[in-house]
Each structure stands twice: as C-alpha cells, then as structure tokens.
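Presented below, as structure tokens, is a lone chain in the form predicted alone.
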C-alpha cells in the first residue's frame, strides 16, 4: 500500500531524513518511536507532502511526490497531527461536520468517543487536552481513510487516558481495517495498536528489536 524508498527531506539546510526506506501493506500497523527531534513527525509530513522531499513515495501504486495535501487526502490518507487539526472557535459538532457531512459518520465518531458526544455543542477551544486529541483523531477517521497517520496521540496525556485512546483506535481499526502509521516517543503503547515497532534514529528506521540488540536504543534515549 505505502512504499517509501530513499526518502530525504529537511528544513532549510538541515537534513532530517536521510535515504529512508519503509513499506506498509494494506491493513497493517507500524509504530515509529524515538525521542524529540528524531524526525518522526517529519516522516508523516513527508507522506502528506507538507515538506519538500527527494526519493519515492508511492501509495496504492500512485506517486505522491508533487501532489497537494488535499489530493493525498482524497486518495485515502488522513493525518491526525499532534498540534492543531481542528477549528477552535467551532463546536465539536461543526468540526466533525466539516470532515463528515453525513450524520451517520458523525454518529459513529461519537460512538467511539463518547466524551465528544457529551460536548458536541461545546467550542473546541474549551475542550481538555485529551478531548482535543479525540476530536482530531475522530475528524481524521470520519474521512474513512485507508491509511491513518497518527502523530504522537499520547503526548501530554495521563497514562490512563492514553491507554483508553489507543484502545478506541484499535477498536475502530478492527472494524474498518485501515492501515496505521503512528509515531510515539516511546514503545509503551505500541502493543495496544499491534503491528511492527521501529526506532527512528539518524534519519533512518530500524526494527526496534534490532536497535535493542545493538544498543542503539540505550544510546539514543540515555546517551550510554
């Protein structure tokens, strides 16, 4: 479904991703972990063509390089960013209505995220951090994507809230069968989502087990 070969990108003169290779099949799940600044968010932004890229990014046989983000969204990829991703001065209901004009799709979002149903008439700006995260993810999933890009959904959340959020995403995946590429700072929640876990280091990806075996994980996180 998603094939990335020799992907390089960065900001200004700084190179963040360096010749990265990655592949994700239909319905599969991959979690990319690593500390801040490792390039995890940049990987998601590269798929959505929000940064200039070199290399090959192919989704369902079609090249994504050079496409506008809205064209990529129409192709079946949805991004749930860590920051933003909603309209703060609009109600929860209106935020969902933008992504899902059909009432049935919004009802499904409320079924998976009951906390949003209780606040459907409330301004998004007044939601808690966890509720905002739910809204951003619900808006992305209401688009019925074939691939969800999830940017640090657990950041800033209490462990119980993060666990519940990932459990609900896993339930939605079980029903819809969409592929998931999620980035997180640590691997603690990866088991809830299932799938493969990779470590992002030096602009490249390596299976987490391999990184643990050669000591890369300890060096990256603890400098030892």
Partner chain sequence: MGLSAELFASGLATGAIYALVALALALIFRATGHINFAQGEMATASTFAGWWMMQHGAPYWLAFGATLIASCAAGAAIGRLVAQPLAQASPLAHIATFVGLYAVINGLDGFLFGYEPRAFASPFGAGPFAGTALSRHQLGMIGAAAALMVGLQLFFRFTRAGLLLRASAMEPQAARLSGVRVARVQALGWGLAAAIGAGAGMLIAPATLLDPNMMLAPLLYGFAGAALGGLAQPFGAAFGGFAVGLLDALAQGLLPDGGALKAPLALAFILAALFFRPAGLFGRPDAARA
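Numbering follows the first chain given and starts at 1. Nothing here was measured: the structure is a model prediction, and the numbers come from that model.
The form predicted together with its partner chain exists for this protein as well; it is not shown, and the discussion that follows is about that form.
*Asks:* Give me the residue from 158, 50, 63, 170 that has a heavy atom within 4.5 Å of its partner chain in the model of the complex.
*Replies:* The residue from 158, 50, 63, 170 that makes the contact is 50.
*Asks:* Just to be sure I understand the contacts: of 144, 115, 123, 111, which is the one whose heavy atoms reach within 4.5 angstroms of its partner chain in the model of the complex?
*Replies:* Exactly one residue meets the criterion: 123.
*Asks:* Check, residue by residue, if 10, 19 and 67 all come within 4.5 Å of its partner chain in the model of the complex, counting heavy atoms only.
*Replies:* No, none of the three is in contact.
*Asks:* Heavy atoms within 4.5 Å of its partner chain in the model of the complex: which stretch in 40-48, 160-168, 22-30, 177-185 meets that?
*Replies:* Selected range: 40-48.
*Asks:* Taking its partner chain as it sits in the model of the complex, is residue 98 in contact with it (heavy atom to heavy atom, 4.5 Å or less)?
*Replies:* Contact check for residue 98: yes, within 4.5 Å of its partner chain in the model of the complex.
*Asks:* At 4.5 Å between heavy atoms, is residue 89 in contact with its partner chain in the model of the complex?
*Replies:* Although its partner chain is absent here, residue 89 would touch it in the model of the complex, with heavy atoms inside 4.5 Å.
*Asks:* Going by a heavy atom distance of 4.5 Å, is residue 133 a contact of its partner chain in the model of the complex?
*Replies:* Looking in the model of the complex, residue contacts with its partner chain do not include residue 133, since no heavy atom lies within 4.5 Å.
*Asks:* With the partner left out of view, is residue 81 within 4.5 angstroms of its partner chain in the model of the complex by any non-hydrogen atom?
*Replies:* The answer is yes: residue 81 has a heavy atom within 4.5 Å of its partner chain.
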